[in-house]
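Quick setup: one chain, the form predicted on its own, written in structure tokens, and binding and motion questions come after.
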Amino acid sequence: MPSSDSPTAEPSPAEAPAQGKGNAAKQPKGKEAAAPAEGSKLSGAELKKQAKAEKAARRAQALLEKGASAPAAAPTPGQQPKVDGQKGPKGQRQHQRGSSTSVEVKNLPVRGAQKTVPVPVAVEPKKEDKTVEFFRHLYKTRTTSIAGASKDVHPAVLALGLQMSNYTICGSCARLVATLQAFKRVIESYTTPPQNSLSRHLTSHVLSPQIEYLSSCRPLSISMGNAIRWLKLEVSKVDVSVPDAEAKKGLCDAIDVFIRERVTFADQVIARSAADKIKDGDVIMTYAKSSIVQRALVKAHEEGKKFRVIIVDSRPLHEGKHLAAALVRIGMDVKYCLINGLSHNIQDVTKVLLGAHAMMSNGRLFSRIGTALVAMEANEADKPVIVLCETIKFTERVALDSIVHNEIAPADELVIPGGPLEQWGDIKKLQLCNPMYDVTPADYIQMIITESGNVPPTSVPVLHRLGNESQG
């Protein structure tokens, strides 16, 4: 039996790690295991830990070398570089990989983008709205160039739109005739596409872009609207079986007849009838410029009648200047004054002849702004007011004021270069409004001379209905 003092048998090399492992498991927590003997084989976990430490050391060494070659990025003011043990924005502890290494990380560059200081941007002051609230529904930007026009718009219509926009063609009848002449050229150059008919394709695909462009240059006049409706009706009457060449010739001939009957002949009849109302010694007052009034005055002068003419005018168009120059050129006695001299000159007048933009169905006159003032002064002075108007200008609309339906021209037209309003856009709470037309009550009008006869204002809807029936 062996003695108790005999040395214990040493375990085999294979049993040593297992026994050491078991002893380590039995040791209390918080105590580190004894370092492995030199030359002993490391376990898998220890090899993995050692590889991580070496990798972290190499990375730290590379960062140090990089920091030595280039100056370290200074941290943003108020921002500290995060080191091991410092909490991040979410309160979590940030651990550096390979924390077992003792490499200093104080001078390492801070990763991440630096905060940029916002540069204050100069905010432009809000531009004041110069629109007059009472007429806001009438404001519309005018087209003053062909830039941006549809490719479907005919060159003749492009030119006409610019002429109407800059008042080269200004009168109601002048715009009507010019529009029909331009549409005539559009029809002549039109070719019906395959699988289409002229009566269905011409109006919607060809005439509509022309009308839209003209209305963007200036709102269509009442007479233009009546003529366009008539033209569309004529196009719809074209038989599908009629060849295109014959149909286009028929439409162009119809346009010529319409201009001749509703404008040219009508003006001649009205001028002759108005000239008969002028007697020797009369003093005729007119406002602005009306082509039919000018024709009547010239007709009376050609008949040898001796009379004087007072032309009242106003800004911004000063149309009366052109009328005065034309009458003086043929040797007539003409007096020209602005509207502020109306009350002084009305006392010498015997008759007032006025042109018309349109005659409304309730007998009111829709004409160049200032006409209502002239008619009111004439009524106060007990002077007869006679309106010269073609029936093509009659409409079924009813006008009680000049607010619901009107045309607002650009306010800059009222500005005189070098005048006090030259910089009106920079003056706060200053608004300019430039309406084109006003409405004259029927009570101020004694007679309307048309190609159908001399009628009172109450007969306007009757003549308008008769004219529509004759066209149908």
Partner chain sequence: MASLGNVPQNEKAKSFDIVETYHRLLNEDPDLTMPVAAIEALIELLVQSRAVTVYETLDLVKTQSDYLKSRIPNSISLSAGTDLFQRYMISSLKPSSTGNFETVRQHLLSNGRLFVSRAKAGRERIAAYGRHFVRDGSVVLTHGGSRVVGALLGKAAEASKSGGNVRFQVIYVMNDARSSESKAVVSALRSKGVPVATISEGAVGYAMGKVNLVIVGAEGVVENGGIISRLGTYQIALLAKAAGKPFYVAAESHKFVRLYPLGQYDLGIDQEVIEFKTDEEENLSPEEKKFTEQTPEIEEKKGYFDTEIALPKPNTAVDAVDFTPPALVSALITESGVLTPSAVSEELISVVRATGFLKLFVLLS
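In this text the structure is predicted, and so the values were computed from the model without any measurement. Numbering follows the first chain given and starts at 1.
Only in words, not in the display: the form predicted in complex with the partner chain, which the text now covers.
Each of D348, V455 and S459 is positioned with at least one heavy atom within 4.5 Å of the partner chain in the model of the complex. Taking the partner from elsewhere, P155 is found to have every heavy atom lying beyond 4.5 Å of the partner chain in the model of the complex. In the model of the complex, P316 stays away from the partner chain, with no heavy atom inside 4.5 Å.
Interface residue remark: F265 is counted as part of the site for the partner chain in the model of the complex, having a heavy atom within 4.5 Å.
Contact check for R142: no non-hydrogen atom falls within 4.5 Å of the partner chain in the model of the complex. Exactly one of the stretches 195 to 203, 210 to 218, 350 to 358, 165 to 173 approaches the partner chain in the model of the complex with heavy atoms within 4.5 Å, and it is 350 to 358. Contact with the partner chain in the model of the complex, judged by any heavy atom within 4.5 Å, is made by just one of K237, K321, R229, R308: R308.
Checked against the partner chain in the model of the complex, the candidates I369, I222, M332, V283 yield a single residue with a heavy atom inside 4.5 Å, and that residue is V283.
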